[in-house]
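What follows is one chain in structure tokens, specifically the form predicted alone.
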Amino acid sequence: MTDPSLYNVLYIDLTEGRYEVQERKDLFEKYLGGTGVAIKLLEEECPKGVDPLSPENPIIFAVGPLTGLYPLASKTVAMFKSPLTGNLGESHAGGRSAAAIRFAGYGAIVIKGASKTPVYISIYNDQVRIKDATALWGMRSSYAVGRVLREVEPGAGKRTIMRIGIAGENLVRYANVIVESYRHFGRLGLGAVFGSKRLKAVVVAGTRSVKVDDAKAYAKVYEEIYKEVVGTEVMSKYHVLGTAENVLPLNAIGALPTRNLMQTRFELAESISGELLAEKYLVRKIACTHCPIGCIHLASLRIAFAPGHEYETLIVPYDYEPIYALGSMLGIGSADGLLRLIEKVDGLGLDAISTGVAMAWATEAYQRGLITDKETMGLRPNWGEDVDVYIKMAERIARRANEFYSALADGVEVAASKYGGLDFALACGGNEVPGYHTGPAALVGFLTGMRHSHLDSAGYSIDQRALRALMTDEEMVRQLVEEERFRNVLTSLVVCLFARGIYKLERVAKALEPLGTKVSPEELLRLGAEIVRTKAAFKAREGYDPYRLRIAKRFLETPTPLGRLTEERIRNMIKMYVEKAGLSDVYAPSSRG
């Protein structure tokens, strides 16, 4: 590869207050970058059985060989041990993060140790500084933190600002990291790991360029990809309505989780749909660096904040997952109310999916009498009736206001284990469930996927294909395995998964060749399988066992578009998945004790 800067790994030790750069050609040549390199670095740096909130838990950021060169190679991979699940933590974010890291001259950043006082890290090319963040700690909104850092740090227009809100400071186990105000490292609690290190933010900017081996061939491949991105319908969905387009189709087939999955159709779905938001609230679409699509949809919401008709205007990012988790899941059918709640959750630095699922469980638990006004501190959650109740609940979760909210801050699995209601506590492998009750492939994907995410193996898409043409369980599992391997190639490059229809393996091989890397589609797929296996080994090492997963009864009670699911069927498919993925030895009984 012509550009050796990708091989540079920046190691920062917050305990010692020092850093060093190592060339890790060994990792990048074999695993490309992103997910592949990050899991190997996590394997090296994370001691077995370590407390996720201890200084020894590392934070890994990694980018890939296409970063800074090709359209939609715009994501950064973060890896860590998850404080929510106790095993693999993996999250992806866009914004300027990937380009900033690459142009600063690094392929990966490893953050170890913990500071005694609040700090933030400032990286500008080869200048790395650990700076005092005492004035930022406890700041009410993550948006305000970003405004302050934009004033004092160089690199305007090129830098990334990754920071936590008060949820991360208070070690909420699903706290996220906010990137450029409107993007997030969501899911699995990276924000809590930041907080445990007293790390408020990481700011990165750079001025370096990225070299290629064959500029003429590179330009040709670039043009081919760019034309397909902007000149065809492959990605039009993401620009026009964004993922919010999913609301009405999922509602129509009876797959939109509503009121803690007691229902799969929401009578007010049209009022929070992508179409309604685009018509009445959308003010701007923005894009991550090196992406021509502009899938980030921003709504404008004018709200009263003082007597005498004083107003403020909130700019709120939205997409399908927060609409589901903070909308239909809570029975909220008011677009104004939904946007207010999304804005609050983002400002606190909470993961929207986990927060919504936790509050949906709490609503049902309250109505069943498992918790009372004592636990909720006088709040009375009731499906969709008072958004202010949910706004206050989110604030109390972020601040761990009492024993009950502290349990909710540890995840719905912990809260239900303590107060009851595990049958309707919707977590898979400890991670709160995404918004697709489409059928068996989705549920098996949530349970077995390395991140317990809908993005791991796209089971929801497989279920929807099965609606059109009958599919056996074995065929569903085969597709789950193949899709996860393919996606781990893309996330090693690191390509946005929205572009998976463009970056097929043949094109990936073609894109890498002008950069000095010759690899076949078959070799890429084998690499994807190896990365999945390495992740599985890390998860097994940290106690994950697919055969002992809790399957909430609510998943089985509420019909999917493909009918009711049974526990026996799901467990058989999990077993099938382990075998077809070649992980039987990784999850062998002897390794489970």
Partner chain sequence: MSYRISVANIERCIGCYSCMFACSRLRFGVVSMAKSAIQVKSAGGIERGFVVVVCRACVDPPCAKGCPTGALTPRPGGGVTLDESKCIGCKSCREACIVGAVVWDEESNLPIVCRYCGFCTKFCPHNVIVFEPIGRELVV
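Numbering follows the first chain given and starts at 1. All values reported here derive from a predicted model rather than from experimental measurement.
Another form exists, predicted together with the partner chain; not displayed. Remarks below refer to it.
- Looking at 144-152, 435-443, 478-486, 519-527, the stretch with residues near the partner chain in the model of the complex, meaning non-hydrogen atoms within 4.5 angstroms, turns out to be 144-152.
- Contact with the partner chain in the model of the complex, defined as a heavy atom within 4.5 Å, is made by none of 240, 319 and 340.
- A heavy atom within 4.5 Å of the partner chain in the model of the complex is found for one listed residue only; from 117, 209, 232, 127, this is 209.
- This chain appears without its partner; in the model of the complex, the one residue of 103, 503, 424, 460 with a heavy atom within 4.5 Å of the partner chain is 103.
- Of the heavy atoms in residue 249, none are within 4.5 Å of the partner chain in the model of the complex.
- Proximity of residue 99 to the partner chain in the model of the complex: non-hydrogen atoms within 4.5 Å are present.
- The closest heavy atom approach of residue 403 to the partner chain in the model of the complex falls outside 4.5 Å.
- Proximity of residue 289 to the partner chain in the model of the complex: non-hydrogen atoms within 4.5 Å are present.
- Of the residues in 314-332, only 315 comes within 4.5 Å of the partner chain in the model of the complex through at least one heavy atom.
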